[in-house]
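To begin, one chain is listed below as structure tokens, in the form predicted alone.
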């Protein structure tokens, strides 16, 4: 019981940190950079690097804690044959998509910043990061549905 609480809480905290970080970059940092509020590329380079680290650590923690939760709570049949199992599989797909979007966005931003441009690279990746933010929100919604047992009650 305590182990499940710790694993589930860790899982949800890292999901929230990851999704929140992506959301903040997509809706606060990149619009500021696009609008010329930064005088140098250094802050954006640092923020992008930190977001990439948060993304990679969170993805790893979510993989480990999610595998543990699936191992103790699901069988192959229940993953493939129940509404909650389908939500878990949806969550895995969203997890992979969020990780890919952040990695692609970071590489594109880094490439643009290497040319010492600021506004253009920020504008170019803004849409990608906003899609990533929506995926992060969807991850949290699916996590809430799983945690509360919403699918089982429908």
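Positions refer to the first chain, counted from 1. Just so it is clear, the model here is predicted, and its values are computed rather than measured.
Omitted here: the form predicted in complex with a small molecule. The next part is about that form.
Trainee: If contact means any heavy atom within 4.5 Å, which of 119 to 127, 39 to 47, 92 to 100, 24 to 32 contacts the small molecule in the predicted bound form?
Mentor: Looking at the other structure, the answer is 92 to 100.
Trainee: I'd like to know if residue 104 sits close to the small molecule in the predicted bound form, meaning any non-hydrogen atom pair within 4.5 angstroms.
Mentor: Residue 104: no contact with the small molecule in the predicted bound form.
Trainee: Applying a 4.5 Å heavy atom distance criterion, does residue 54 contact the small molecule in the predicted bound form?
Mentor: Although the small molecule is absent here, residue 54 would stay clear of it in the predicted bound form, with no heavy atoms inside 4.5 Å.
Trainee: Is there a heavy atom of residue 139 lying 4.5 Å or less from a heavy atom of the small molecule in the predicted bound form?
Mentor: Yes, residue 139 lies within 4.5 Å of the small molecule in the predicted bound form.
Trainee: Verify the contact flag for residue 134: yes if a non-hydrogen atom of it lies within 4.5 Å of a non-hydrogen atom of the small molecule in the predicted bound form, no if not.
Mentor: No, residue 134 is distant from the partner.
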